[in-house]
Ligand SMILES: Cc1cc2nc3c(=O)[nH]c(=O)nc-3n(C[C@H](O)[C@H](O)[C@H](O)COP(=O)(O)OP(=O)(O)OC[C@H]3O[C@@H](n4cnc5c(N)ncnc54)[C@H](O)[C@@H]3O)c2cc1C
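Have a look below at one chain only, the form predicted alone, in C-alpha cells format.
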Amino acid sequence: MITDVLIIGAGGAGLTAALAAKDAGASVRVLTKEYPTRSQTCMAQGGMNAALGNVSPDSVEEHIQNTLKSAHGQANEEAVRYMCSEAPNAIEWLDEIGVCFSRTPDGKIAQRKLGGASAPRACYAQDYTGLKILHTLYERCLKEDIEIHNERYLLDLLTKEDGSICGALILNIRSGELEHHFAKSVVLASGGYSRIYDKYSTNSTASTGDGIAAAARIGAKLLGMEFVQFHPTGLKNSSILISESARGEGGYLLNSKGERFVNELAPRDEVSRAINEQILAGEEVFLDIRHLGEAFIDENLPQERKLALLYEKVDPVKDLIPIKAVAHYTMGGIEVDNKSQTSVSGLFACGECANHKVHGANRLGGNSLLEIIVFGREAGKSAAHYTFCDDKSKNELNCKKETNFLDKLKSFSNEIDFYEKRSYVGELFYKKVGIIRKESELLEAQKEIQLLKEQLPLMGVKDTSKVYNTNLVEFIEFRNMLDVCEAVVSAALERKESCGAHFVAEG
C-alpha cells in the first residue's frame, strides 16, 4: 500500500517530521533501523538553544550572530535567522507536549551557557535533555497512532524513470525478507556519519551514514562533508560523551601539570585543537568539576557522574575525569533547500543527515536539538504538501527496477575480514582526516579508501542465516561507510584553507 509520507529514521528529527506530516493531514509511515528510544538524539545531553532570556538578558539577534560566527562564513544567514527565530516557538511546543525541562525557582524553563554563546541560552532537562525530548516525541507519535516499523534497514531508495522518489527498498532485520515501501514522498532522518571514526566517536554504532550514501546513489547532492565536529570531552578510554553542560556549569580543563590551557567555553573546534595539542606534547588532559560540589553535580549533572564512574572508574565529585577530543557531530550531509527538499524530487531530509546550511564549518553547542525540531517540523509539512500537489503520477508505482546489492553479495568471497578493515578505517581517519589535516595524509587516506572499495568483493558475510543476521547488516553498513569516507576525504582535499572544524596544517 502506498503511503503519503515515508519517514526513514525515528530519532528526534524523524519523529518530529512524522508528527508534522500527520498534523498536515498526510498518512505517515516511519521505518527505523533500531528502536526510536535508542536513536542518537538520546545522547544529546547539554540542552537546546532558544533566546528566552529566562536567566539573563538575551535576544534572537545574539543567537543568530553567535551561530553565524561559529559557522565561519559557511552558513546561510536566511536559514540561520529562520532557525533562531523559530527557537522560542519550538521550545514552547515541546513544553506543551510534555517535555520536562528543568525550571528556575520562579517556574521558568532553566537555561545554561554552552560554548560560543553570549548568554545562558540552552534549555535543559538536567543532563538528559535529548533523551527526555525523544521519549516525549515517541509517546506523542504513539498517541497519534503513527505507524512505526522497527528493525527495518534501508538498502536503497526507489525512484521512477523521471528520477523522482517513489519509496524505499528495506531489509526486515527480524525476518531477513526484503520489503518494498512505496510512498508519494520520502523524508530521510537517518542520522550522521561520525561512526566512520569507529572507536574515536561519541556516537552509537548506528551512525554509519546509510541515508546519505543511499541518497547519493540516486543523485542527491551532498554538501560540507569535510566538516566533522570533534567534541572536546569524550572519555579517554571509551569515547563516551561527557556533555558540554559540565563546562557550561563551570567545569575546568586541566593538563597533567594542573594548568588550565584554554577558554573552556570557546567554540568546539578551538577547544578540541587545544586538547589535541596538549596530548601531542605528551600531556594528559582532564575535566575537573570537583569544585562544583556533590549536591550540585547530583542535581544538575547526574548522568556525567554515572558515566565517569561506569566507564573510567573515577568519581567526578573527588577525581579528575580523563578525556580526549573525539568525533561527535557531522555538519555535512544531503543538501536541502529552505523547505528541506533535496535535489531529488519528492525526497526531503532533516536532522544530522541533512545540511540545512545552519551549522556551516562548526556547529554551535545547543543548536543540534534545535535544528531537529525546527527543520523536522518543516520537512514533515513540506513532504505532506508535496503529496497533495495535483500530480496523478504520484499514485503510480512505476519504479525503476533496482539493482539489489544483496544479489551482488552472493558472489562476494570472505578472503578479507571487513571488521578488521572497519577498525583500520577508524584509526586512519582519526589520524589523517581528523582534528588536524595535512594534504599528504588526506591523499594517503583517499588512496586507502579507494583500495578498500575495490577490495569489497573480496569481503562479505560468513553468516548465511536470514533471521537477525547482524553480520549482513554490518557489512552493508561498511559499504555505506566507505562511500561516505570517500565523500569526506574528497571534500577535505578540495578545501585548501582552514575553516572551522576543517583545520589544515602544512605537510
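Here the rigid core means the biggest group of C-alpha atoms that line up within 1.5 Å when the two forms are laid on top of each other. Numbering starts at 1 and runs along the sequence shown. In this text, all values refer to a predicted model and were calculated from it rather than measured experimentally.
Same protein, other form: the form predicted in complex with the ligand, not shown, and the subject of what follows.
A residue is said to contact a partner when one of its heavy atoms sits within 4.5 Å of a partner heavy atom; Arg363 meets this definition for the ligand in the predicted complex.
Using a 4.5 angstroms threshold between heavy atoms, Glu448 stays clear of the ligand in the predicted complex. A residue is said to contact a partner when one of its heavy atoms sits within 4.5 Å of a partner heavy atom; Val5 fails this definition for the ligand in the predicted complex, lying far away. Proximity of Leu369 to the ligand in the predicted complex falls within the 4.5 Å heavy atom cutoff.
With the ligand left out of view, the stretch that reaches within 4.5 Å of it through heavy atoms in the predicted complex is, among 378-386, 80-88, 321-329, 102-110, 321-329.
For a residue to qualify, one of its non-hydrogen atoms must sit within 4.5 Å of the ligand in the predicted complex; all three of Lys33, Leu154 and Asn203 qualify. Counting a residue when any of its non-hydrogen atoms is within 4.5 Å of the ligand in the predicted complex, the hits in 17-51 run Leu31, Thr32, Lys33, Glu34, Ser39, Gln40, Thr41, Met43, Ala44, Gln45, Gly46, Gly47. Fitting the two forms on the rigid core leaves the C-alpha of Ser245 displaced by at least 2 angstroms between this form and the one not shown.
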